[in-house]
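Below sits a lone chain in structure tokens, taken as the form predicted alone.
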Amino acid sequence: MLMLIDDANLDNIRRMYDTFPCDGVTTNPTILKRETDKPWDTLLAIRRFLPRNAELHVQAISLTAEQIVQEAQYVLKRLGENTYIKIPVTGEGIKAMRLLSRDGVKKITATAIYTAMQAFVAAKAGARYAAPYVNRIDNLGADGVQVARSIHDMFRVHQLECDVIAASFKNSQQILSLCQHGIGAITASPDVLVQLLDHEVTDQAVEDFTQDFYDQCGDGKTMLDC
């Protein structure tokens, strides 16, 4: 399962990459709006920082299929390889996916997904990823984790070359459930990703081990100088 950072703040992205085995970054207009720089300045800075094989997901803003295609081609030209075009699953968006796929553009992320059939149609139209909004689906009274699982299962049953990139999480338990199910990728904010590691019992164990070593060898000592 790939782990991506759902953020556009370069300091946050650097901090996460310093610790976590991350696979890229996802952005959207709302995330970009939080930054003080213009969208292109932010995106180019992220692309320069990311390892060459890391994914960067960028959303098209245009509302008609033809304009989405033009925008997608421009974004790909400026940001280069391993850039994925996020396209909402509207009628015009699906049409744009079909046009881009026909022209050989395979790195398409279908976004704003709330139902399994939206994801299925997007995959049939050429999307490489489908991004269900897990927590937002929960807030509508459905089960976001189950929707993401259902999408994953449909892709496998019908042998579609598309993976789930689940988004919109409120806790690490949702990510655990999807990881156990074999979901292809998740994207989460830094604070949710940190929850994957943080545990007070682990912290206490480290503190106990360290104190026991200090008691035997002296404060501040390590295996390098004991």
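Numbers for residues come from their place in the sequence shown, where the first is 1. Quick caveat, the model's predicted, so the values are computed rather than measured.
We do not show the form predicted together with a small molecule, though everything after this point is about it.
Of the candidate stretches 65 to 73, 47 to 55, 166 to 174, 194 to 202, only 166 to 174 has residues whose heavy atoms lie within 4.5 Å of the small molecule in the predicted bound form. Using a 4.5 Å cutoff between non-hydrogen atoms, Tyr133 counts as a contact of the small molecule in the predicted bound form. Residue contact check for Leu160: none of its heavy atoms lie within 4.5 Å of the small molecule in the predicted bound form. Within this chain, His152 is remote from the site of the small molecule in the predicted bound form, having no heavy atom within 4.5 Å. Ile31 belongs to the set of residues with a heavy atom inside 4.5 Å of the small molecule in the predicted bound form.
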